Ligand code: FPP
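First, one chain by itself in structure tokens, the form predicted on its own.
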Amino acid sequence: MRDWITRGFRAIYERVLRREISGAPSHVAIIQDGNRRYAQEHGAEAKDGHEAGAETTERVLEWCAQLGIEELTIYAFSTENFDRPAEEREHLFDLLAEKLYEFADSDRVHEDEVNIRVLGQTNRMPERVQKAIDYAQRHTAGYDSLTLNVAIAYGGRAALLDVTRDVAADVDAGALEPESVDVETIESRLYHGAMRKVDLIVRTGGDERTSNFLPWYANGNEAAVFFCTPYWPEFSKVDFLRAIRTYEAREASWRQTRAQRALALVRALGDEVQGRRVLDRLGETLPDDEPVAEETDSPAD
């Protein structure tokens, strides 16, 4: 009886959230935390938690396609995960390979035209995982409706360090002029080249930190962040919609801030026409009840 009530409440809440959300971020990045703790609380082994988490990943990919999200990045295996016990590591390697093959052959992936890309120091992974990575990328390379980035053997600092070494080597060899190094240079050398700026980071499992995840694309873009307590295998569509609502609230706040700054500029200029041009460039309009500054004498007059 209680389960039925809970499901009914979630269904109602999901409909409410859908009505509150007017759009969706272009790029969502997720730190899938809590698989092992989920397994422990259910009296299971760590591998069972990871397998349950893999099922959640499949559902989230489906939600992204439904909502029109263009890019999803999941933190599947960090550089720190190499320090885990050998038995757990080997199971993770097996699961990663299995799921990459499974995703690449999935009817839904092909129907939704999902392009699978893998980010990270993949040369550190066992041969079976590297073969699965190659298979998944080759079999979905022609798609561009939704991009799924799978971060494997990934660490944000390691990625930036690799780019720094690469740029330094080219400068030392005379193939690159130091003054020509710009944002595009860095992005073109990051794993798989440029991706969309991260709009929203989601972390499950209760911890409130971003764990060295996509610093160039997330921190540089001041992405919205949503922390939630459910372990990754428990992450629901309601949780996902709440995360998107957080993103929309932040975007609305930024739009208001930009409009307020533009209004201040209008008043400083005392020029309604020029002020409205500034607002138009920002994609904003003056509120109906907000008067434009009248012309005033300049301090020098």
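The first residue of the shown sequence is 1; numbering continues from there. Worth saying up front: this structure is predicted, and the values here are computed from it rather than measured.
Although not depicted, the form predicted in complex with the ligand is the subject of the following passage.
Contact check for residue 84: a non-hydrogen atom falls within 4.5 Å of the ligand in the model of the complex. In the model of the complex, at least one heavy atom of residue 36 sits within 4.5 Å of a heavy atom of the ligand. Residue 96 belongs to the set of residues with a heavy atom inside 4.5 Å of the ligand in the model of the complex. The closest non-hydrogen atom of residue 235 lies beyond 4.5 Å of the ligand in the model of the complex. The contact residue chosen from 213, 226, 103, 191 relative to the ligand in the model of the complex is 103, the criterion being a non-hydrogen atom within 4.5 angstroms. Taking a 4.5 Å heavy atom cutoff to the ligand in the model of the complex, the contact residue among 150, 132, 109, 202 is 150. Contact with the ligand in the model of the complex, defined as any heavy atom within 4.5 Å, is confined among 45-53, 62-70, 239-247, 22-30 to 45-53.
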